[in-house]
Structure formats: C-alpha cells, structure tokens
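One chain follows as structure tokens, the form predicted on its own.
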C-alpha cells in the first residue's frame, strides 16, 4: 500500500481511497453526529446551498460555521459536543470553512472517500486496510488553504498505523506527529487550535484529541447536486 499525504487542499491528489482530515473540527463533528444517530450528513460549500437543501429535503437540522462562528440562523455550530444525545432530525445539513469544501473536492477525485479524525482513528485504519487498495491519499483540510499542524498530525498518525510504502509527504507527517508528546499538544499548537482559543471554544480541542472513542467510519455516499452526502 502506497500512502501519500496532501499537506494542503491545493494538492489535488487522487487515489482509489482518500481520507479527508479536518480534525478541528468538521470530520470529528460529522463522526459524532452519525454516531449519535443522524442518518446522514449533507455537506455543502456554501451557506445558501445548505439552506436551499434543507428546504428541499425536509426533516433537517442545519449545522456549521464560518471562521469558528456558528452561521446565523443555523441550529448548531461545529462543536462535536453539540451533536451528543438524541438527533434533532434525520438529516444534518452541514457547511464549514475548510472541511466540507475539501470533502466535496475529494469526492470528485477518489473512488472511495472516508472521513478521518482522532475520534475514529482505529476504525478508519481498519476500514482502509479492509478495502485492500494499493494507493491511499490522506487529505488535510488546513486553514484557509494553508498547512495546519493539527491535520498533518492526524495524517501522520494514520500513516504510521497503516504502514506500507510511505512517500516523502507521509514520512514528513509521521515525523511531525512524533515530535508532539500528546495529541492535545499537537492540536493546541496549530492555527486551528489558536483560532478556537480566540473564539472561547478551546474545550473542543481536548474533545477532538480523544482517540478511538467512536467506532464509526463516515464515508462519502453520493452527490446531491453539488453537495456531498456522508453516511456510515
């Protein structure tokens, strides 16, 4: 198995399997929503598109953020703890600054797209191994197009656990991950972490750093117009 890492979303890598990573917070939050019982999460790049799909689909909740702030008029933001307990609807329509645009893009380039996070670390590793693909790309969402330490850290953890033939980009991610004593330290050091501190959302960092406490693997199911549906 060859493993490559796209350190920023500008690297348009393709492979039979792509793993989208936005640990702070989109891919963690989507995993939590599905684990809590939402049947599907429809991910959009634009706020107006999210609102239009909610009207079209019915029985939906709206969730997401722009620059860490909950979108005006939406039911929820992008904190995974907001999606604990009984789902507010069968479907979550979701739009974020970095994670959902990368997911939509990845769906155009990879045959199978999984969502990766520390919360689902073991489950995602098992799913990638079970798929038996000989080429895997780990896709980092970053922050506004720039490299983000938190996503590269998770890519490094995944790459090391998967083993196989690590390309230079994967080795770089592995070495970055090894340089941090804990997941919390890595996430806290990132621009994403600093943004959460600035928005008084720092409690999300510790939550998103919890490893393998969700036994789910969110995956791209289909396109609904220009939006990407994610299910288990």
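Positions refer to the first chain, counted from 1. The structure presented is a predicted model; accordingly, all values stated were derived computationally and were not measured.
Quick note: we don't show the form predicted in complex with D-malate (MLT), though the next part is all about it.
> Among 125-133, 89-97, 104-112, 156-164, which stretch sits within 4.5 Å of D-malate (MLT) in the predicted bound form, heavy atoms only?
Replying inline: Correct option: 89-97.
> From the list 68, 169, 190, 36, which entry has a heavy atom within 4.5 Å of D-malate (MLT) in the predicted bound form?
Replying inline: By the 4.5 Å criterion, the partner-contacting residue is 68.
>> Using a 4.5 angstroms cut-off on non-hydrogen atoms, would residue 43 count as touching D-malate (MLT) in the predicted bound form?
In response: Residue 43: no, not in contact with D-malate (MLT) in the predicted bound form.
>> Can you tell me whether residue 19 touches D-malate (MLT)? I mean in the predicted bound form, with a 4.5 angstroms heavy atom cut-off.
In response: Residue 19: no contact with D-malate (MLT) in the predicted bound form.
>> Just checking whether residue 173 would be counted as a contact of D-malate (MLT) in the predicted bound form - the rule being heavy atoms within 4.5 angstroms.
In response: Taking the distances in the predicted bound form, the answer for residue 173 is no, it never comes within 4.5 Å of D-malate (MLT).
> So in the predicted bound form, does any heavy atom of residue 78 sit within 4.5 Å of D-malate (MLT)?
Replying inline: Residue 78 belongs to the contact set for D-malate (MLT).
> Along 14-36, which positions have a non-hydrogen atom within 4.5 Å of D-malate (MLT) in the predicted bound form?
Replying inline: Contacting residues: 22, 24, 25, 26.
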